[in-house]
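A single chain, nothing else alongside it, follows as structure tokens in the form predicted on its own.
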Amino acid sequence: MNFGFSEEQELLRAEVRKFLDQNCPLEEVRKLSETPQGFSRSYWDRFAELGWVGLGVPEVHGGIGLGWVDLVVVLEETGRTLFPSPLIATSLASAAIQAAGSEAQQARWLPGIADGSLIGTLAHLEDSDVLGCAGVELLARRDADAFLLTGGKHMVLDAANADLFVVPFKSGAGEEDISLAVIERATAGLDVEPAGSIDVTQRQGRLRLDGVRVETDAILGEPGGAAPLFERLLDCGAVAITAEAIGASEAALELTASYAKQRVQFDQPIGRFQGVKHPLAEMYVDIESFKSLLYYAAWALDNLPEEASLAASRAKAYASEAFPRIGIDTVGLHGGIGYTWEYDAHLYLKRAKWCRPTFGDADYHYERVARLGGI
């Protein structure tokens, strides 16, 4: 069996890399990270024109109709350049609407996502900071045929730029009585606050809901029946974050290996010393290892959903350990210059620190692997 990418997928990779190399090198990333929006709307619109924003959106709604393996190809390249964009957040919102939205709901929101005019996100974390159904404490109050929501969501990806928020809430007393609502930015009672992040290329924020009224036409699927979909969205988030971690890790390794070939100490390039060669080799092995786990997880999301949760947790657990270690070694192997703001090494370390807890850290996913594996 051929486990490699198809010719079309490799062509997609080459086109994304070419676009980002030409338009958004790290110098441009630094500039964008200092703007109020944190990303370029013109680059986002161009991404949409090329079909990359709507990669997973069905063709009937203006998308390309591809799967998670294809999106992973794009995310590896956006991670490689630390490209600031709401692509992951929007892809998760799109996945939720596709999976459980009615025909009317899909026609209402998916075309805007595909053409880049609507940015979406998943608002899942609360004060407990617990992933999954157990962490959802936002309890709805019935008001005739609608739900009233009062509470908050934290660490919401690209909250300040989002037009649509996919919000899980409890519509009953049981832990798994979870519903998913799509709440539009202009909804009365919804307030968005920006929040700081260790990685300036990744924006996040908080949602404040004060009596937000959610009508039945904004509920995805049956009220109280969204727990399986919510868990799948968290798997998708873990896969997406790991995909960008692959690209960023490879770029960090390339940057460090290039420096090791050029930096001369004791009349020798430092790359000849075991203290440098061995960490570089370990970085490569780690990247290839969680890359393989990630590719299977992405395939499982598209083709074998019953194995997707276990596969996603394996990949994210490994990445959450390996990527921060790669970031630390990237800075350390550069010596003093690696600690300066002007040099790019710290950007990868900060992305690694941001990736580690996002959609679950190593401890969370190792415990989940054990639980799903029956241990």
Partner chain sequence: MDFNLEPEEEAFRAEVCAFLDENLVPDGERTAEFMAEWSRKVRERRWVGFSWPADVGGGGGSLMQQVILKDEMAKRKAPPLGSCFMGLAWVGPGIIQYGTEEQKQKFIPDILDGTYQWCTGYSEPDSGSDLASLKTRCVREGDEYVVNGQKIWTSIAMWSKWMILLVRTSTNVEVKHDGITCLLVEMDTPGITVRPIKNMSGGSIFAEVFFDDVRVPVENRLGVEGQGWQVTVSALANERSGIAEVHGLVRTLSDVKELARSCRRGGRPASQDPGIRRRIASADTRIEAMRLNGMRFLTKQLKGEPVGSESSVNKLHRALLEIELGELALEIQGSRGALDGESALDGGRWQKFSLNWPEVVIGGGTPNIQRNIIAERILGLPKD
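Keep in mind it's a predicted model, so treat the numbers as computed, not measured. Residue numbers count along the first chain shown, from 1.
The same protein also has a form predicted together with the partner chain, omitted here; what follows describes it.
K.L.:
Sort through 102 to 110, 185 to 193, 292 to 300, 233 to 241 and report the only stretch with a non-hydrogen atom within 4.5 Å of the partner chain in the predicted bound form.
P.N.:
Stretch 292 to 300 is the one.
K.L.:
Using heavy atoms and a 4.5 Å limit, would one call residue 24 a contact residue for the partner chain in the predicted bound form?
P.N.:
Heavy-atom contact with the partner chain at 4.5 Å: absent for residue 24.
K.L.:
Please check if residue 209 has a heavy atom lying within 4.5 Å of any heavy atom of the partner chain in the predicted bound form.
P.N.:
Residue 209: no contact with the partner chain in the predicted bound form.
K.L.:
Should residue 228 be classed as touching the partner chain in the predicted bound form when contacts are defined as heavy atoms within 4.5 Å?
P.N.:
Close contact is absent here: in the predicted bound form, residue 228 is far from the partner chain, nothing within 4.5 Å, heavy atoms only.
K.L.:
Would residue 329 show up as a contact with the partner chain in the predicted bound form if we use heavy atoms at 4.5 Å?
P.N.:
The answer is no: residue 329 has no heavy atom within 4.5 Å of the partner chain.
K.L.:
For the three residues 257, 280 and 284, verify that every one has a non-hydrogen atom within 4.5 Å of the partner chain in the predicted bound form; reply yes or no.
P.N.:
Yes, each of 257, 280 and 284 comes within 4.5 Å of the partner chain in the predicted bound form.
K.L.:
Looking at 69, 29, 64, 345 here, can you tell me which has any non-hydrogen atom within 4.5 angstroms of the partner chain in the predicted bound form?
P.N.:
Spelling it out, the residue with a heavy atom inside the cut-off is 69.
K.L.:
Within 4 to 33, which residues have a heavy atom closer than or equal to 4.5 Å from the partner chain in the predicted bound form?
P.N.:
Residues within 4.5 Å: 4, 5.
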